[in-house]
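Next up: a single chain in structure tokens, the form predicted on its own.
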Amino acid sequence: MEIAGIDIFGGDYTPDPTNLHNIVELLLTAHIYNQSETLTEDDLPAEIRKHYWDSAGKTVKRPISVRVQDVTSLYGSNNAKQEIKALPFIDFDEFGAEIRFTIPALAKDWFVKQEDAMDQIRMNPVLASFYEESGIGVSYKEATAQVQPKERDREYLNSLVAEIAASDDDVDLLTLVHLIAPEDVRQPMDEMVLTPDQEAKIERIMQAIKHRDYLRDIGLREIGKMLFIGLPGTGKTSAARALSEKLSVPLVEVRLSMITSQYLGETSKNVDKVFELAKKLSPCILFIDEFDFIAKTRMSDEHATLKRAVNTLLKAIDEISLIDDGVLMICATNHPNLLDRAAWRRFDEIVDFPLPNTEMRKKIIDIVLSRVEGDFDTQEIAGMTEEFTGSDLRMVIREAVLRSLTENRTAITQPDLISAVDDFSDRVRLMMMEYTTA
């Protein structure tokens, strides 16, 4: 390959073109970002942003310096020094192990001529902001739509948590909740099998979030409190997490029984602190599981401290707002029949998670088996698994896969799945019996 008559692949070493391309993209991204006063960390590709993330400042500080270890960490290249020597417009500082451009204009011309460069530029808002002016058919606005916002990153959430922990004397609060970053969610919304009613109600809440300012202006604030009801394993927690991924906001997950049992003398205080934590992490989703714990406490002769905690919780639910605080609150229960009117009336959306029908079961099985090799009929399996939850179906498939592995097979068969269903059926009946008699 030549640049202006220069053979950049000369000598005994033949560099990997992909590694060269990655190195120059990183250097160009750093160079343009460092010189810009308008580009932000959200304009950086996620892998670069995450690598250079400054937790204390909750940003990517300028200037970005590119060193050999950065190239190795980002791209797994172990020959960065040799590859750099193949490009005449790059200089390597042996003392600081820093990589710099000698002729930035030459690098910019070289990069845009490489195979797949246009695809990379369209996925990199920093580069798109520069090359857009060159008239090569790229758009900065379109590139920004392809990049995940920083709020999806685990690094961003960790920064917020560190800031809260440093300013709060009661750091034990963080042990009472489970914080999930959007990028941590394993089952996104497009892999959820939902009923039309579930889809409609989730879409409605997403539109409310999109039009928060309008709803605030017209004084409609009692929106954004959802109650998920259904048997264990029907997807309540998965749906809350999928919403976190869809909305690119963190999930604050808490179980009521854990809050009220950890520090009996401070339960009301802990309830308040959980809601305050959600407001500090705003925008976010506050997911409260085991919501029926309220009913069990209110109907029993439990310690008065627990009863006060329940009242504190109900008051906190009343006072938190999606419109004003940016907190979408989702509560979940396996026992909706235990909730009284005082609990029900606090929710503007009730989302039922029924047992999946045959069509839904087939879709769930198809999704779970999408990366599994084998010869099987998912329609037949769906017909055999009436009263199975989505979680049950995943366990059946897990059993079938493990069964095949014990026979040194990575492909599963229909008999594997049928045997797994048969083995699991007794367990499902016992589970359902326990639930209906609870």
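The first residue of the sequence shown is number 1, and the count goes up from there. The structure displayed is predicted, hence computed values, not measured ones.
There is another form of this protein, the form predicted in complex with a small molecule, and it is not shown here; the text below is about that form.
If the cut-off is 4.5 angstroms on heavy atoms, which of these, Asn270, Gln82, Ser321, Ser238, is the one near the small molecule in the model of the complex?
Exactly one residue meets the criterion: Ser238.
Option touching the small molecule, based on a heavy atom within 4.5 Å in the model of the complex, out of Glu191, Glu253, Glu276, Glu349
Looking at Glu191, Glu253, Glu276, Glu349 one by one, just Glu191 meets the 4.5 Å heavy-atom criterion.
Based on heavy atom distances of at most 4.5 Å to the small molecule in the model of the complex, which listed stretch, 230-238, 339-347, 112-120, 208-216, is the contact stretch?
Residues of 230-238 come within 4.5 Å of the partner.
Is Glu245 part of the interface with the small molecule in the model of the complex - any heavy atom within 4.5 Å?
The answer is no: Glu245 has no heavy atom within 4.5 Å of the small molecule.
I'd like to know whether Ile364 contacts the small molecule in the model of the complex, with contact meaning heavy atoms within 4.5 angstroms.
Ile364 belongs to the contact set for the small molecule.
Partner proximity in the model of the complex: Gly390 to the small molecule, non-hydrogen atom cutoff 4.5 Å
Yes.
Asp289, heavy atom within 4.5 angstroms of the small molecule in the model of the complex:
Asp289: yes, in contact with the small molecule in the model of the complex.
Is the small molecule in the model of the complex close enough to Gln187, Asn334 and Arg394 that every residue in that trio has a heavy atom within 4.5 angstroms of it?
Yes, the whole trio is in contact, each within 4.5 Å by some heavy atom.
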